[in-house]
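Only one chain is shown below, in structure tokens, and it's the form predicted on its own.
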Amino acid sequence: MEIESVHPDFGARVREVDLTGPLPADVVDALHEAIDEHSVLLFPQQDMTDEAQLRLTRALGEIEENHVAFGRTGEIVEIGTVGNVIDANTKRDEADPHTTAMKGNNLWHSDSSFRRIPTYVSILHAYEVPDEGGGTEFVSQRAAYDRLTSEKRAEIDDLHVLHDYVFSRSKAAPVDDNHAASLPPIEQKLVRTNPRNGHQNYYVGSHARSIIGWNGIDSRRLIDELNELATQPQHRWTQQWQPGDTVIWDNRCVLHRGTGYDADRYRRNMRQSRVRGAGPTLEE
């Protein structure tokens, strides 16, 4: 694999690897190593299909079921659409309730940080992209942790945080009652350590609601401070999608968000799958 850094803090463009076919064990090992090192990997010009994406997802670990479908109906869905496309001729416009709900993705977040076992990596492939907007921004909470003073690290290293999907996403749209009931607030470590290389990062984002044992005002002050430090413009890398791009990112240490687009004018068809994490963060 040819790996080229795309940002001083994190991220790499990877060439000379075909993700769409069966992957030898040494390539899978190399992918895990690159994820641990670079956090976000961009693979251009992948001739992807749903079948190939699910094979890739299984190669990297256990597939995580979609929490929306599972919460609402109990259905197991392993891959889903991120965007407004329904079929070759139909799309959702700005007035569609699903489009409104998807705007929650424009908040900085880590996928499934609100689940007992949060996501390891997300895999997103682009089929159709808007002419304007529709990008994805990433930031590194590992680099942000490294920028903290030693005093601030000592303050946060042993703290735990409640992550709450309803707290976060109800800001964009109402959350279905069944879905909300399936996702009670979950306690997570505030500081996580990569098991392969020992790098540490803090773990917040928009789903982070409050610090265990702290009052609400002090909780929000700290969480907002950490989110702001990580997401300052100079620390962001924006993926401006092209059809055929596949991106894999490490939710253990990266925050991401959509940049928005005009659903009345454009179609956006991305397919996403996720790999479940190794276990609860409290057991790391």
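All values reported here derive from a predicted model rather than from experimental measurement. In case it trips you up, residue 1 is the first one in the sequence shown, and so on.
A second form of this protein, the form predicted together with a small molecule, is not displayed here; the remarks below concern that form.
In the model of the complex, the small molecule lies farther than 4.5 Å from every heavy atom of Thr119. In the model of the complex, the small molecule lies within 4.5 Å of some heavy atom of Asp111. For the chain shown alone, Val129 is not a contact residue for the small molecule in the model of the complex, no non-hydrogen atom being within 4.5 angstroms. At a distance threshold of 4.5 angstroms between non-hydrogen atoms, Asn269 is out of contact with the small molecule in the model of the complex. Only one of Leu124, Ala143, Val191, Ile186 lies close to the small molecule in the model of the complex, with a heavy atom inside 4.5 Å, and it is Leu124. With the partner omitted from this view, the residue of Asn84, Ser168, Thr136, Asn201 that lies near the small molecule in the model of the complex is Thr136 [heavy atom within 4.5 Å]. Only one of 230-238, 56-64, 248-256, 35-43 places residue heavy atoms within 4.5 angstroms of the small molecule in the model of the complex, namely 248-256.
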